[in-house]
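The chain that follows stands alone, in the form predicted on its own, written as structure tokens.
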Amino acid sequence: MKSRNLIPYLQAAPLAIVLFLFLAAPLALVLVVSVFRNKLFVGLVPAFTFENYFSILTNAVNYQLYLSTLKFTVIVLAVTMVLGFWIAYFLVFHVRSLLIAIGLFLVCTVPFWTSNIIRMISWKPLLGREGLVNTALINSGVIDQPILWLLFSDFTVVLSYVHLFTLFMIVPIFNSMARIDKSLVEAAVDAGASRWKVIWNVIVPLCKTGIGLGSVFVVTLVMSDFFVVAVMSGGLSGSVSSGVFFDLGILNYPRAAANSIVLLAIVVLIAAGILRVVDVRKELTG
């Protein structure tokens, strides 16, 4: 009986070891470093102090970085949620052939066949001062001068995030919608419900777990990114992750670690709020 009781623990042991070595231990190390001191010409000094957290919470620049990160997160989440829902809706309810639906779904993965760097660089000849968009608008007489905010601006950052992360919203929503019994939709139509009422009262509630899971993906990806903001804003915008990257560049490891812990806490709170609204476990285990 004792050996049988140990079987579940032995089965879970490999995963527990992996999570400890690659998740719990690194996080614990970051937490420990966040309470160290960083002295000029000395470097990292082991100590127990909250001055790094105090510096973060009282620094106006850090407030701007957090507000900028939240702004990008909210905008990108809203845009990807709308795009992801309607693309998934089209693939599930309007494409009759399963083969065509799979083919169109694979088309959504085409951007992932190249690296993020190439995808970011590809926007420059398209949106630049002398790019294809400005050239076409000027030649057609729509504008007289190039539109400067198309590149190296918050608009470009949001556009790049949407380009990168919309698929992470499409996949879980598509998975949820594909499980909806079509007879429920037909019953709602027979009862006199309009198309919008069917979408709002039937489809949205039944795929909210996919929406919640996609929201968790997008939020964590946007709030942890620094590359897109650094490249596509031209240095005019920032984020918490870019601030962490800057601190690492000047070897201020304690402040970088403290910023990472605060950012992690915010992401966890947002994810917990999403999980309180929807039961994502149904999507993962269903």
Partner chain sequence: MHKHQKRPWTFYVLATLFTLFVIFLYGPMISIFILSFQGPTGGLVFPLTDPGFHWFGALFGQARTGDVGGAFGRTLPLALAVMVATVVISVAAGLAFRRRFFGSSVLFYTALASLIMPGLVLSIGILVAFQFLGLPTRWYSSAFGAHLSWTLPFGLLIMFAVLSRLDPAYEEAAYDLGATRWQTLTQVVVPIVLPGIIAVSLFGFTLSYDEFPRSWLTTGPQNTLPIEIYTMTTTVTSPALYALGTVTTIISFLAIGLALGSIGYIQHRRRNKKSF
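Under this definition, the rigid core comprises the largest set of C-alpha atoms superposing within 1.5 Å between the forms. Everything quoted here is computed from the prediction, not taken from an experiment. Numbering follows the first chain given and starts at 1.
Note that the form predicted in complex with the partner chain isn't included here; everything after this is about it.
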* Structure fact -> Only hit among Ser237, Ser260, Asn38, Asn52 for heavy atom within 4.5 Å of the partner chain in the model of the complex is Ser260
* The single option of Ile180, Val162, Ile147, Ala188 touching the partner chain in the model of the complex, heavy atom within 4.5 Å -> Val162
* Might Ile274 be said to contact the partner chain in the model of the complex, defining contact as any heavy atom within 4.5 Å? -> no
* Any chance Leu106 has a heavy atom within 4.5 Å of the partner chain in the model of the complex? -> yes
* Interface membership of Pro205, the partner chain in the model of the complex, 4.5 Å heavy atom rule -> no
* Is Asn62 one of the residues lying within 4.5 Å of the partner chain in the model of the complex, judged by heavy atom distances? -> no
* To do: Could you list the residues in 201-223 that come within 4.5 Å of the partner chain in the model of the complex, counting only heavy atoms and keeping sequence order?
  => Val216, Phe217, Thr220
* To do: Superpose on the rigid core, then tell me if the C-alpha of Ala265 is displaced by 2 angstroms or more between the shown form and the other one.
  => no
* To do: Using a rigid core alignment, state whether the CA of Val18 is displaced by 2 Å or more between the shown form and the other one.
  => yes
